[in-house]
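First comes one chain, alone, set out as structure tokens in the form predicted on its own.
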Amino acid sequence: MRAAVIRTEGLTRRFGDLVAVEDLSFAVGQGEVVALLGPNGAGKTTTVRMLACLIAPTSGRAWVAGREIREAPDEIRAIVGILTETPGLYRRLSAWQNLRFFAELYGVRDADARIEEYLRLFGLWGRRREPVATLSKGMRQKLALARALLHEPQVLLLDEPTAGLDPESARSVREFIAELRGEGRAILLCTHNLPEAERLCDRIVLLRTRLIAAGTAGELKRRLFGTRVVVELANPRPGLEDALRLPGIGPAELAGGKLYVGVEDPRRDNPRLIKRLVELGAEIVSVREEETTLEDVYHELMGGADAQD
């Protein structure tokens, strides 16, 4: 993995008798987007707030860009950009005034030029003088993202960055996040949009108060489901699945004219599988690797649990 910019060790937060996050350890490398996934109430937002030094952990430790969160909270706040699930903008102020206020807080140089850049980037330049209260939810979301980026932070903590956006705007935000990764930023992304996480993120951390699993989407799929190939047959016949006895070839199942076969390594095992099927008189229409999604992984590990945040 790349050099860790965000790192937690046994991070825990309790609110009275309620354990929000327990013994959480993971890392986000430079130039990496990591998704933090879990049902409502899993501790995602609490984790983000601890890393942003908005609340302190009960126990455990965490480092952001080499700084420990309890030892250097002010320094960390200066280098982190955070987008919360609720934008938290000043509704009576205009879009421009909101960004100007936060630019002054962060000591942004050339603030006016930077504000114009982001307002144009997110399609808000024409609405810059209007009170935030008059903007749509999607526009407020984009304005909050602009606020998080104004001071060119080294670390981004994004909680549902595309929530409330139309498909075109959501796509532009995803592309922009990918560009930020290319610039070497470390990005922790909380989202309920599993296809978005699978497309955009380098690694996945599944959380339900405690760490459930972590890895790339591909690693998690293989760990849970293994690898199966789907062979479509023109002449499926019962018993064919029982005749496949080869090294590296796992259990086979015939269903709906298709043969589902477990393999250890598709590139190595598929040719032998096809050769054996032809020897058995099978007429092969197509061979492909079975597709599983991050959504399949999520539901397998989480069991459909969904508590209130």
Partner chain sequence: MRRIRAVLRREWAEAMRIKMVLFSVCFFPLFMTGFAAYLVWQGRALPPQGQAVLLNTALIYFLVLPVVIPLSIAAYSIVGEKEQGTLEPLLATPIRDWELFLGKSMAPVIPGLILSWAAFGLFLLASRLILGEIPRGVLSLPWFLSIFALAPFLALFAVFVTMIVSSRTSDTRAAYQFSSLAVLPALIPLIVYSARLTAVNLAFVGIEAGILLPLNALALYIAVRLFRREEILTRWR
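Positions refer to the first chain, counted from 1. Since this is a predicted model, take the numbers as computed values, not measurements.
One more form of this protein should be noted, the form predicted in complex with its partner chain, which is absent from this view; the next part is about it.
Remark: I177 does not count among the residues lining its partner chain in the predicted bound form, judged by a heavy atom distance of 4.5 Å or less. Among residues of the shown chain, A78 is one whose heavy atoms approach its partner chain to within 4.5 Å in the predicted bound form. Put simply, R61 is far from its partner chain in the predicted bound form: not one heavy atom of it is within 4.5 Å. Among heavy atoms of F225, none comes within 4.5 Å of its partner chain in the predicted bound form.
Shown without its partner, this chain lists Q154, S169, N193, T84 as candidates; in the predicted bound form, only T84 has a non-hydrogen atom within 4.5 angstroms of its partner chain. Taking E104, E183, E71, D110 one by one, only a single residue has any non-hydrogen atom within 4.5 Å of its partner chain in the predicted bound form, and it is E104. Partner contact region in the predicted bound form: 88-96, out of 231-239, 209-217, 88-96, 135-143, criterion any non-hydrogen atom within 4.5 Å of its partner chain. For the marked spot (F15, R49 and A56), a heavy atom within 4.5 Å of its partner chain in the predicted bound form is present in each of the three residues.
The partner is not shown here, but in the predicted bound form the stretch 140-159 reaches within 4.5 angstroms of its partner chain through a heavy atom at R147 alone.
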